[in-house]
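One chain is shown next in C-alpha coordinates, namely the form predicted on its own.
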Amino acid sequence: MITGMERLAAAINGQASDRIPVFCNMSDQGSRELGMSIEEYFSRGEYVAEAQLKMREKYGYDNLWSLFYVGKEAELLGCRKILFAKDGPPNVQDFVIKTYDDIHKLVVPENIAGHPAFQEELQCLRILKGEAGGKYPICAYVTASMTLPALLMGMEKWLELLLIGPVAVRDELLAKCSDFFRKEILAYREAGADILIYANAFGSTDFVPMRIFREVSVPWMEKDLNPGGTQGVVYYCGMARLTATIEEVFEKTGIGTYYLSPLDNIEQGKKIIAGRALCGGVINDIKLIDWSRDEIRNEVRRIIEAGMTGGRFLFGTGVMPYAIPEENIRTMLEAAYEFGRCKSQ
(Lines give C-alpha, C1' and ligand atoms only; values in the text may rest on other atoms or scores of the structure.)
Protein backbone atom coordinates (compact mmCIF):
# COMPACT_ATOMS: atom_id res chain seq x y z
CA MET A 1 0.00 0.00 0.00
CA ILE A 2 1.36 3.40 -1.02
CA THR A 3 1.73 5.90 1.83
CA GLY A 4 1.15 9.65 1.82
CA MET A 5 4.88 10.23 2.23
CA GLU A 6 5.59 8.11 -0.86
CA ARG A 7 2.98 10.02 -2.89
CA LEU A 8 4.47 13.33 -1.79
CA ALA A 9 8.02 12.24 -2.59
CA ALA A 10 6.92 11.09 -6.05
CA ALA A 11 5.19 14.41 -6.74
CA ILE A 12 8.20 16.42 -5.56
CA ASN A 13 10.52 14.42 -7.80
CA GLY A 14 8.17 14.38 -10.80
CA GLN A 15 7.79 10.61 -10.64
CA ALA A 16 4.80 8.34 -11.14
CA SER A 17 2.56 7.17 -8.28
CA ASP A 18 -0.99 5.87 -7.96
CA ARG A 19 -2.44 9.36 -7.60
CA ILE A 20 -1.44 12.92 -6.71
CA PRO A 21 -1.05 13.78 -3.02
CA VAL A 22 -4.20 15.13 -1.37
CA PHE A 23 -3.74 17.43 1.63
CA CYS A 24 -6.76 18.18 3.82
CA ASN A 25 -6.22 20.79 6.50
CA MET A 26 -8.78 19.86 9.12
CA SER A 27 -8.18 21.22 12.60
CA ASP A 28 -11.27 22.29 14.56
CA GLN A 29 -13.16 19.22 13.27
CA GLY A 30 -11.05 17.14 15.64
CA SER A 31 -13.14 18.36 18.58
CA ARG A 32 -16.27 16.96 16.94
CA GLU A 33 -14.47 13.70 16.19
CA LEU A 34 -13.73 13.24 19.91
CA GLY A 35 -17.05 14.68 21.17
CA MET A 36 -15.42 17.60 22.97
CA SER A 37 -15.78 21.36 23.06
CA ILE A 38 -13.14 23.17 21.00
CA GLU A 39 -11.60 24.63 24.17
CA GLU A 40 -11.25 21.23 25.83
CA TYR A 41 -9.97 19.64 22.62
CA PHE A 42 -7.11 22.10 22.22
CA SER A 43 -6.09 21.80 25.87
CA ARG A 44 -4.12 18.57 25.35
CA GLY A 45 -1.66 17.46 22.72
CA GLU A 46 -2.84 13.87 23.02
CA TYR A 47 -6.38 14.91 22.04
CA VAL A 48 -5.20 16.72 18.92
CA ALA A 49 -2.93 13.85 17.90
CA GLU A 50 -5.68 11.26 18.44
CA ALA A 51 -8.16 13.23 16.33
CA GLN A 52 -5.62 13.86 13.57
CA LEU A 53 -4.88 10.14 13.31
CA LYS A 54 -8.58 9.24 13.38
CA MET A 55 -9.56 11.78 10.73
CA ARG A 56 -6.74 10.77 8.40
CA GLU A 57 -7.76 7.12 8.74
CA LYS A 58 -11.44 7.97 8.30
CA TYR A 59 -11.07 10.03 5.12
CA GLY A 60 -7.86 8.64 3.61
CA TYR A 61 -5.97 11.86 2.77
CA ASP A 62 -2.20 12.14 2.88
CA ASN A 63 -1.13 14.49 5.69
CA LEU A 64 -1.32 15.11 9.44
CA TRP A 65 -1.35 18.41 11.32
CA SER A 66 0.40 19.44 14.53
CA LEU A 67 -1.38 22.81 14.35
CA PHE A 68 -3.66 23.72 17.26
CA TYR A 69 -4.63 27.31 16.36
CA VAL A 70 -2.71 30.28 14.99
CA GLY A 71 -2.99 32.23 18.26
CA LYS A 72 -0.66 29.67 19.88
CA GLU A 73 2.25 31.70 18.53
CA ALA A 74 0.96 34.81 20.30
CA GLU A 75 0.78 32.78 23.53
CA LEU A 76 4.47 31.98 23.18
CA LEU A 77 5.09 35.73 23.09
CA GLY A 78 2.94 36.64 26.10
CA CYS A 79 -0.73 36.54 25.03
CA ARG A 80 -2.81 35.39 28.00
CA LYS A 81 -6.34 35.51 26.56
CA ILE A 82 -7.61 33.33 23.72
CA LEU A 83 -11.23 33.51 22.60
CA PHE A 84 -12.70 30.03 22.09
CA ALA A 85 -15.69 29.80 19.77
CA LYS A 86 -18.18 26.93 19.83
CA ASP A 87 -17.93 26.25 16.12
CA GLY A 88 -14.78 27.86 14.78
CA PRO A 89 -11.08 28.47 15.30
CA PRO A 90 -9.82 30.10 18.53
CA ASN A 91 -8.41 33.58 18.15
CA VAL A 92 -6.35 36.12 20.05
CA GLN A 93 -8.55 38.05 22.48
CA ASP A 94 -5.97 40.31 24.11
CA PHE A 95 -3.10 41.69 22.01
CA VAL A 96 0.42 41.61 23.42
CA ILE A 97 1.29 44.94 21.78
CA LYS A 98 -1.02 47.85 22.54
CA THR A 99 1.47 50.73 22.20
CA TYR A 100 4.83 51.16 20.53
CA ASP A 101 6.36 50.98 23.99
CA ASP A 102 5.26 47.36 24.16
CA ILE A 103 7.40 46.63 21.11
CA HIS A 104 10.49 47.77 23.01
CA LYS A 105 9.49 45.53 25.94
CA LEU A 106 8.73 42.45 23.83
CA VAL A 107 11.03 39.56 24.74
CA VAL A 108 11.50 36.55 22.47
CA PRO A 109 11.92 33.31 24.44
CA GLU A 110 15.40 31.86 24.11
CA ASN A 111 14.20 28.26 24.13
CA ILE A 112 10.90 27.73 22.29
CA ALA A 113 10.92 23.96 22.87
CA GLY A 114 11.15 24.52 26.61
CA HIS A 115 8.37 27.11 26.79
CA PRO A 116 5.31 25.97 28.81
CA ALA A 117 2.95 27.09 25.99
CA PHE A 118 4.75 24.80 23.52
CA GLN A 119 4.58 21.59 25.53
CA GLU A 120 1.21 20.34 24.26
CA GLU A 121 2.27 20.85 20.66
CA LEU A 122 5.44 18.88 21.39
CA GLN A 123 3.33 16.10 22.90
CA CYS A 124 1.13 16.08 19.79
CA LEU A 125 4.18 15.86 17.54
CA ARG A 126 5.70 13.03 19.58
CA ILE A 127 2.52 10.97 19.25
CA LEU A 128 2.09 11.68 15.53
CA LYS A 129 5.74 10.82 14.89
CA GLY A 130 5.45 7.62 16.88
CA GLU A 131 2.24 6.48 15.19
CA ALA A 132 2.70 7.69 11.62
CA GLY A 133 6.24 9.01 11.21
CA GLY A 134 7.65 8.18 7.80
CA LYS A 135 4.22 7.16 6.48
CA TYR A 136 2.35 10.46 6.38
CA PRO A 137 3.92 13.93 6.29
CA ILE A 138 3.39 15.85 9.53
CA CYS A 139 2.70 19.54 8.95
CA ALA A 140 3.53 22.46 11.24
CA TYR A 141 2.33 26.04 10.79
CA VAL A 142 4.86 28.86 11.23
CA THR A 143 3.91 32.51 10.76
CA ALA A 144 6.39 34.70 8.86
CA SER A 145 7.96 37.70 10.54
CA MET A 146 6.01 40.04 8.24
CA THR A 147 2.66 38.54 9.28
CA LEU A 148 3.25 37.69 12.95
CA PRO A 149 2.77 41.35 14.08
CA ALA A 150 -0.91 41.10 13.06
CA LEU A 151 -1.33 38.44 15.78
CA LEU A 152 0.48 40.59 18.32
CA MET A 153 -1.12 44.01 17.73
CA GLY A 154 -4.05 43.49 15.34
CA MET A 155 -4.18 43.93 11.57
CA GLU A 156 -5.17 47.60 11.59
CA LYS A 157 -2.34 48.73 13.88
CA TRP A 158 0.20 46.58 12.07
CA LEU A 159 -0.75 48.04 8.68
CA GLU A 160 -0.46 51.53 10.15
CA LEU A 161 3.03 50.81 11.50
CA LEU A 162 4.11 49.02 8.33
CA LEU A 163 2.96 51.69 5.90
CA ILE A 164 3.25 55.01 7.74
CA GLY A 165 4.73 54.34 11.17
CA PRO A 166 8.32 54.96 12.35
CA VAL A 167 10.62 52.72 10.29
CA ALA A 168 12.94 52.13 13.23
CA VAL A 169 10.07 50.84 15.38
CA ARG A 170 8.74 48.72 12.52
CA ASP A 171 12.14 47.15 11.97
CA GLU A 172 12.64 46.54 15.68
CA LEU A 173 9.40 44.58 15.76
CA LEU A 174 10.24 42.68 12.56
CA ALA A 175 13.68 41.79 13.91
CA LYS A 176 12.10 40.31 17.04
CA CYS A 177 9.49 38.46 14.98
CA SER A 178 12.16 37.05 12.66
CA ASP A 179 14.22 35.93 15.66
CA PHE A 180 11.12 34.18 17.01
CA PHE A 181 10.38 32.59 13.62
CA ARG A 182 13.88 31.11 13.31
CA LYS A 183 13.68 29.63 16.80
CA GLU A 184 10.18 28.30 16.27
CA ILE A 185 10.88 26.60 12.92
CA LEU A 186 13.99 25.00 14.43
CA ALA A 187 11.91 23.68 17.33
CA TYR A 188 9.40 22.15 14.93
CA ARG A 189 12.13 20.57 12.84
CA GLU A 190 13.83 19.09 15.87
CA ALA A 191 10.46 17.74 17.09
CA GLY A 192 9.93 15.89 13.82
CA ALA A 193 7.72 18.06 11.59
CA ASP A 194 8.18 17.14 7.91
CA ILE A 195 6.28 20.01 6.26
CA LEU A 196 6.61 23.61 7.44
CA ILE A 197 3.86 25.92 6.23
CA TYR A 198 5.45 29.36 5.87
CA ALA A 199 2.37 31.51 6.35
CA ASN A 200 2.96 34.99 4.96
CA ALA A 201 -0.10 36.99 3.92
CA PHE A 202 2.23 39.95 3.42
CA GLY A 203 4.05 37.96 0.76
CA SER A 204 1.06 38.58 -1.50
CA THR A 205 0.32 41.72 -3.48
CA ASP A 206 -3.28 41.32 -2.33
CA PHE A 207 -2.03 42.71 1.00
CA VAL A 208 0.82 45.05 0.04
CA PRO A 209 1.86 46.85 -3.18
CA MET A 210 4.69 45.29 -5.19
CA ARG A 211 7.04 48.03 -3.99
CA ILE A 212 6.51 47.11 -0.34
CA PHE A 213 6.75 43.43 -1.20
CA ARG A 214 10.15 43.93 -2.81
CA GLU A 215 11.54 46.49 -0.38
CA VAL A 216 10.24 45.04 2.89
CA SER A 217 8.67 41.59 2.55
CA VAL A 218 11.41 39.90 0.53
CA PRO A 219 14.37 41.00 2.72
CA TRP A 220 12.56 39.80 5.86
CA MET A 221 11.69 36.52 4.17
CA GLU A 222 15.37 36.02 3.46
CA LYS A 223 16.21 36.75 7.10
CA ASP A 224 13.56 34.26 8.21
CA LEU A 225 14.59 31.42 5.94
CA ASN A 226 18.25 31.70 4.96
CA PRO A 227 19.74 30.60 8.31
CA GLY A 228 17.84 27.29 8.47
CA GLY A 229 17.23 26.70 4.78
CA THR A 230 14.00 25.85 3.01
CA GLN A 231 13.87 22.05 3.30
CA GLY A 232 10.21 21.07 3.68
CA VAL A 233 9.01 24.70 3.50
CA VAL A 234 5.70 25.50 1.74
CA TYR A 235 4.98 29.06 0.63
CA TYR A 236 1.43 29.97 1.68
CA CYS A 237 -0.09 33.43 1.63
CA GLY A 238 -3.15 32.84 3.81
CA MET A 239 -5.41 32.13 0.82
CA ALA A 240 -4.29 35.37 -0.86
CA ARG A 241 -2.92 35.21 -4.40
CA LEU A 242 0.76 34.48 -4.95
CA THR A 243 1.34 34.05 -8.68
CA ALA A 244 2.60 37.65 -8.92
CA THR A 245 5.34 36.91 -6.40
CA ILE A 246 6.34 33.28 -7.10
CA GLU A 247 9.27 34.07 -9.40
CA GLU A 248 10.89 36.51 -6.99
CA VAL A 249 10.31 34.27 -3.98
CA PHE A 250 11.85 31.32 -5.81
CA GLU A 251 14.89 33.33 -6.89
CA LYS A 252 15.50 34.82 -3.44
CA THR A 253 14.71 31.84 -1.21
CA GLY A 254 14.57 28.65 -3.30
CA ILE A 255 11.34 27.50 -1.59
CA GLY A 256 10.31 24.22 -3.20
CA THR A 257 6.50 24.19 -2.81
CA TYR A 258 3.90 26.87 -3.65
CA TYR A 259 0.38 26.53 -2.23
CA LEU A 260 -1.73 28.56 -4.62
CA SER A 261 -4.78 30.55 -3.59
CA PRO A 262 -8.21 29.55 -4.92
CA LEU A 263 -8.09 32.97 -6.59
CA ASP A 264 -4.90 32.14 -8.50
CA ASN A 265 -4.92 30.85 -12.05
CA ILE A 266 -3.48 27.33 -11.76
CA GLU A 267 -2.19 27.15 -15.33
CA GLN A 268 -0.42 30.49 -14.86
CA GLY A 269 1.09 29.38 -11.55
CA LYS A 270 2.42 26.17 -13.07
CA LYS A 271 3.81 28.07 -16.05
CA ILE A 272 5.75 30.37 -13.72
CA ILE A 273 7.02 27.47 -11.61
CA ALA A 274 8.00 25.67 -14.83
CA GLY A 275 8.68 22.32 -13.19
CA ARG A 276 11.20 23.77 -10.71
CA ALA A 277 8.98 23.20 -7.67
CA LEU A 278 5.84 21.48 -6.42
CA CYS A 279 2.55 23.31 -6.99
CA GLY A 280 -0.57 22.99 -4.85
CA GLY A 281 -3.99 23.63 -6.38
CA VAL A 282 -6.34 24.72 -3.61
CA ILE A 283 -10.12 24.57 -3.45
CA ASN A 284 -12.18 27.44 -2.02
CA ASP A 285 -13.37 25.27 0.86
CA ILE A 286 -15.54 27.98 2.40
CA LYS A 287 -17.97 27.23 -0.44
CA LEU A 288 -18.08 23.57 0.61
CA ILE A 289 -20.53 24.63 3.33
CA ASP A 290 -23.27 25.16 0.73
CA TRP A 291 -22.16 23.56 -2.53
CA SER A 292 -24.07 20.61 -3.98
CA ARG A 293 -22.40 17.28 -4.72
CA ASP A 294 -22.16 18.12 -8.42
CA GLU A 295 -20.68 21.57 -7.73
CA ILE A 296 -18.01 20.05 -5.49
CA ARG A 297 -17.07 17.35 -7.98
CA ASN A 298 -16.94 19.79 -10.89
CA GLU A 299 -14.66 22.17 -9.00
CA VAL A 300 -12.31 19.41 -7.84
CA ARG A 301 -12.11 18.12 -11.39
CA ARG A 302 -11.41 21.59 -12.77
CA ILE A 303 -8.55 22.16 -10.31
CA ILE A 304 -6.93 18.79 -10.89
CA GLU A 305 -7.23 18.88 -14.67
CA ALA A 306 -5.67 22.35 -14.66
CA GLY A 307 -2.76 21.28 -12.47
CA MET A 308 -1.87 17.66 -13.25
CA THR A 309 -0.34 18.29 -16.67
CA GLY A 310 3.42 18.12 -16.31
CA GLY A 311 3.29 16.55 -12.85
CA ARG A 312 4.66 18.02 -9.60
CA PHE A 313 1.19 18.85 -8.38
CA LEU A 314 -0.95 18.23 -5.29
CA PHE A 315 -4.55 18.96 -4.40
CA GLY A 316 -5.16 20.86 -1.18
CA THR A 317 -7.65 22.66 1.02
CA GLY A 318 -7.42 25.98 2.80
CA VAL A 319 -9.16 26.85 6.05
CA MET A 320 -11.76 24.02 6.11
CA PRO A 321 -14.50 25.73 8.18
CA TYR A 322 -16.08 23.76 11.03
CA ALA A 323 -19.50 24.17 9.39
CA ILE A 324 -18.71 22.02 6.33
CA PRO A 325 -21.02 18.98 6.37
CA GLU A 326 -19.19 15.67 6.64
CA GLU A 327 -20.89 14.46 3.46
CA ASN A 328 -19.34 17.36 1.54
CA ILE A 329 -15.87 16.61 2.93
CA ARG A 330 -16.21 13.03 1.72
CA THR A 331 -17.48 14.14 -1.69
CA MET A 332 -14.51 16.49 -2.15
CA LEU A 333 -11.93 13.91 -1.13
CA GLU A 334 -13.45 11.05 -3.12
CA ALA A 335 -13.47 13.30 -6.18
CA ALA A 336 -9.81 14.21 -5.58
CA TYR A 337 -8.84 10.54 -5.36
CA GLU A 338 -10.83 9.74 -8.51
CA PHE A 339 -9.71 12.61 -10.71
CA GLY A 340 -6.19 12.63 -9.26
CA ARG A 341 -5.28 9.15 -10.46
CA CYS A 342 -1.98 9.40 -12.27
CA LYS A 343 -1.83 8.40 -15.89
CA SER A 344 1.35 9.98 -17.16
CA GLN A 345 2.77 11.68 -14.06
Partner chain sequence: MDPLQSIMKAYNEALFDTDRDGALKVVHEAVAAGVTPEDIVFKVVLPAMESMIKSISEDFDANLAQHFMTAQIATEVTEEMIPKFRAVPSVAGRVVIGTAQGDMHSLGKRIVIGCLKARMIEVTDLGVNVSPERFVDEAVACNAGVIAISAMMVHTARGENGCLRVRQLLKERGLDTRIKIVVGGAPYHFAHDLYKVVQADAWAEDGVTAGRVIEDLIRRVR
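Numbering follows the first chain given and starts at 1. Just so you know, these numbers come straight off a predicted model, no measurement behind them.
Form predicted together with the partner chain: not shown, discussed below.
- Remark: of stretches 47-55, 301-309, 288-296, 65-73, the one touching the partner chain in the predicted bound form is 288-296 (heavy atom within 4.5 Å).
- Taking a 4.5 Å heavy atom cutoff to the partner chain in the predicted bound form, the contact residue among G134, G88, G192, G254 is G88.
- Residue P262 is the only one of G269, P109, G232, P262 with a heavy atom lying within 4.5 Å of the partner chain in the predicted bound form.
- Residue contact with the partner chain in the predicted bound form: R80 places no heavy atom within 4.5 Å of it.
- The shortest heavy atom separation between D101 and the partner chain in the predicted bound form exceeds 4.5 Å.
- Of the heavy atoms in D206, some are within 4.5 Å of the partner chain in the predicted bound form.
- Though the partner is left out of this view, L186 does not reach within 4.5 Å of the partner chain in the predicted bound form, counting heavy atoms only.
- Of the residues in 144-168, those that come within 4.5 Å of the partner chain in the predicted bound form through at least one heavy atom are, in sequence order, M155, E156, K157, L159, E160, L163, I164.
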